[in-house]
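Here we start with a single chain on its own, the form predicted alone, put down as structure tokens.
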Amino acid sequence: MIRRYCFGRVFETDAVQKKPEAQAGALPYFSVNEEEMSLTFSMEKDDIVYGLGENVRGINKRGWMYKSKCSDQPHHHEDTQSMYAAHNFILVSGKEQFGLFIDYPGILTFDVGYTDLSVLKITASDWNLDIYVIEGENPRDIVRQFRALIGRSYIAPRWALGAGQSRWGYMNRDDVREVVRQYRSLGLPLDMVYLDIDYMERYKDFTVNEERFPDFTAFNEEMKEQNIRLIPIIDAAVKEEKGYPVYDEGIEKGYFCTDENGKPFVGAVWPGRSLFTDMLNPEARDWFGNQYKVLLDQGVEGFWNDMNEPAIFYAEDRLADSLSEIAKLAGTQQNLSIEQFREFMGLFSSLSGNPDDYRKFWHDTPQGRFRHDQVHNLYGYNMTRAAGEAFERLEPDKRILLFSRASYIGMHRYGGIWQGDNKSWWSHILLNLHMMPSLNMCGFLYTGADLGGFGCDTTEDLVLRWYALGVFTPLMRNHAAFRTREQEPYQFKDIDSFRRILQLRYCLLPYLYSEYMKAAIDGDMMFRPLSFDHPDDKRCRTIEDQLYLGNELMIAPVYEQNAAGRYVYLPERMKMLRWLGDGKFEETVLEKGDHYIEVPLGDVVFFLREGHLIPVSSGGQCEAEVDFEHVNTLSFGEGAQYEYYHDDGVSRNYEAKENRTILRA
């Protein structure tokens, strides 16, 4: 059952597709303080709080303070409060059991036992909330109801579940060709190569640098002949430059955000002086979405949207003020005191993403004129919505790959997300695992982390261990930052292990694609905490480094440096599958309980539940080579069967009955 409660003037976010009628009376479970603009819930000792989508710390969110504020935040430390997304859904599981979604576009604080371990307190920046309370039989039922409320998840083309290679620093066609040559010559399966900002002409959206990537149409065709798709990045900001058609037309039609005086707001990002399309204006949103056509017409079939929190490196007035203050300090003092030095450094650090800059520009919407900070969390959502809706107009019979950095609940209908600019840290393997079920709860199914880590120099063992998790996530992409250590699999000595893991990905594609599609169509979770299936098992309620994948598999990756294996708790009898390569698995039946599992570097181990089976293929060097029609099966137990979803992987005929068949052992 879902009940909706309204508090104050509500900005319509479109996060919810069908709004229930507003309820009268008191909000259940929570005490409300309208003056303080807060909701408070008293937690029992053993209550678990799930949700909040993309965020730091564990699957159980108790013990920390989280802020829903889409932020350009590459440092995913444990003390981080805000990341790139605002996913205002929590699920309380304990003596009371309910879901809570707060549809609110401004900054929202979730104090989940940080100030007081027994108190969950949610505080808004203004009293402008739509609150949904969801009650159900169990956590999975609550999630299904919530997913039905917010609408179907984005469905990617099947080839997008292949492996992808990315790096900020593929500067020209020859760099890309070398990546593809290495993969293909070494038998490393691959479907996508991502193009970061260097493919553009001076960082201008919807342009291609003709010197670095001449005849981009022909280059796309060249890559497709090798079953490789190029996936270019699109940034949120538009370069201020007369003669640049996107800028000229946006100015002429008034499609950019303005300052309080109605003049276009100028901030600086990669292109320097830049303007921001008013993504909350439907006309401007349609216009921006139509710009993708210039690349679609050149053969592009996928995009990743970036910098759309939106990121602002600096606002011009703040830069001028800071430079003036720096000049005063540097000009009058040759020997800065510690206080002056801190002031000096603070002038630099306060330039990027300064909260005051987000109060300087405005949106013109059908609901009125709003200052950006009041609706901040909707920007990235509506940028991706602009693209997703345009693709439905421009390519109505074809799926286009689309995922984003910033997001809000509702954006899940238009694209997936990657889990931000992470680091080459062992702890971020575990963070990747933690975010999978939390994101699934919020409707984001096409997701994954930058394998090997985006920032910092990585190591071979870290990349191998991360691949052993990434082999199961829908978005499987190796991505690294400029000037970091090169981390393509062929850069390392143990190419055989990378090849074997990538082969497993393509062996599992029939199962992974089937589970991804069923989760999207049926409004279910692809990844779940063990406690969702075993609510009465106290051990399962505390396990945060093992997940169920679909109804059939359990994954338990190794995420510690120099580990030779790990302990695994089995809540039921299972068959352990160790991938040997060349289509072979070592199979070992294990009883319920604790087990130490040896997992040498380069191995992948996972677990099949009794009474179940999964479809597998003989693999291939790309998705096009995988035989989805004639699959083999891995099974455990008598009478095992599986509902197999299989379609053409490209069209939008998702509901056809012939897409689902029953496989039996």
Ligand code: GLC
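Start at 1 with the first residue shown and count on from there. It should be emphasised that the depicted structure is a prediction, and the values quoted were computed from it without experimental measurement.
Beyond the structure shown, there is the form predicted together with this ligand, which is absent from this document and is the topic of what follows.
- Here the chain stands alone, but in the predicted complex its contact with this ligand, taken as any heavy atom within 4.5 Å, falls in 192-200 among 192-200, 135-143, 284-292, 543-551.
- For the residues M223, A148, C456, I233, the 4.5 Å heavy atom test against this ligand in the predicted complex is passed only by I233.
- When you look in the predicted complex, the only residue of D130, E301, D357, D421 with a non-hydrogen atom within 4.5 Å of this ligand is D421.
- Residue contact with this ligand in the predicted complex: D103 places no heavy atom within 4.5 Å of it.
- The shortest heavy atom separation between D306 and this ligand in the predicted complex is within 4.5 Å.
- In the predicted complex, no heavy atom of F206 sits within 4.5 Å of this ligand.
- In the predicted complex, this ligand stays beyond 4.5 Å of every heavy atom belonging to Y490.
- Using a 4.5 Å cut-off on any heavy atom, the one residue of 468-496 that reaches this ligand in the predicted complex is H479.
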